[in-house]
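In the form predicted on its own, a lone chain appears below as structure tokens.
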């Protein structure tokens, strides 16, 4: 365990792994576990208490787990009760509310707001300024681009909370709004600034407000190659587990 600088506060009930670096003015609260080789930058709060802390005299902070190899950048707040896998990284000023489950090798960009009580799989990339409402479910290898919003109240204001679901390998482009309860299939591409209020089948390109299916994504021709870019894992590998051997070979072994 390595403390970089000044004013670092670590609870006596926290568990800090080997070779962990913690920056100035960061706070690691009760029942936090941080895996080996992680970096918590300046002014972060890990294990922020839930709302019950302020009203329940018997409050006990839920366990918060961050896996090995994390990079949590400055001014980020991760609430108590989150479980985050290995090789997690954030941009700056990220908020992750309680009971968020995040898989391995995920990225959450600057100013993202994850409202908790949701699930995200492995190798998901959220670019800056993404809002994920509660009760959302995101699969594996899903990329979500800036200013996208996952909504969850079908007729606000109400006590109903039904988040969207996005299946594996789907791409949600800039400025998309997913309405409550919609289900997005595998290998879907949602076009920029679309408002999606109906379920989307696998391999569909969906665009517009309201969003409508336009064609099978495999019919899209890339301008630089003259062939289809989709399914994208065959043509994009940076940061993916198939980077060294290609998707086809990797897939045959997994």
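Under this definition, the rigid core comprises the largest set of C-alpha atoms superposing within 1.5 Å between the forms. Numbering follows the first chain given and starts at 1. Source: prediction; values computed, not measured.
The next section is about a form of this same protein that is not shown, the form predicted together with another copy of the chain.
When you look in the predicted bound form, the only residue of 63, 229, 186, 212 with a non-hydrogen atom within 4.5 Å of another copy of the chain is 229. Distance criterion of 4.5 Å from any heavy atom to another copy of the chain in the predicted bound form singles out 151 from the list 151, 165, 105, 118.
Contact between residue 30 and another copy of the chain in the predicted bound form is found at the 4.5 Å heavy atom cutoff. Among residues of the shown chain, residue 83 is not one whose heavy atoms approach another copy of the chain to within 4.5 Å in the predicted bound form. Within this chain, residue 217 is remote from the site of another copy of the chain in the predicted bound form, having no heavy atom within 4.5 Å. Contact annotation for residue 49: at least one heavy atom lies within 4.5 Å of another copy of the chain in the predicted bound form.
For the stretch 37-70, the set of residues having any non-hydrogen atom within 4.5 angstroms of another copy of the chain in the predicted bound form comprises 39, 41, 42, 43, 45, 48, 49, 51, 53, 54, 55, 59, 61, in sequence order.
In the core-superposed comparison between the shown form and the other one, the C-alpha atom of residue 209 has shifted by less than 2 angstroms. Once the rigid core is used as the reference frame, the Cα position of residue 225 differs between the shown form and the other one by 2 Å or more.
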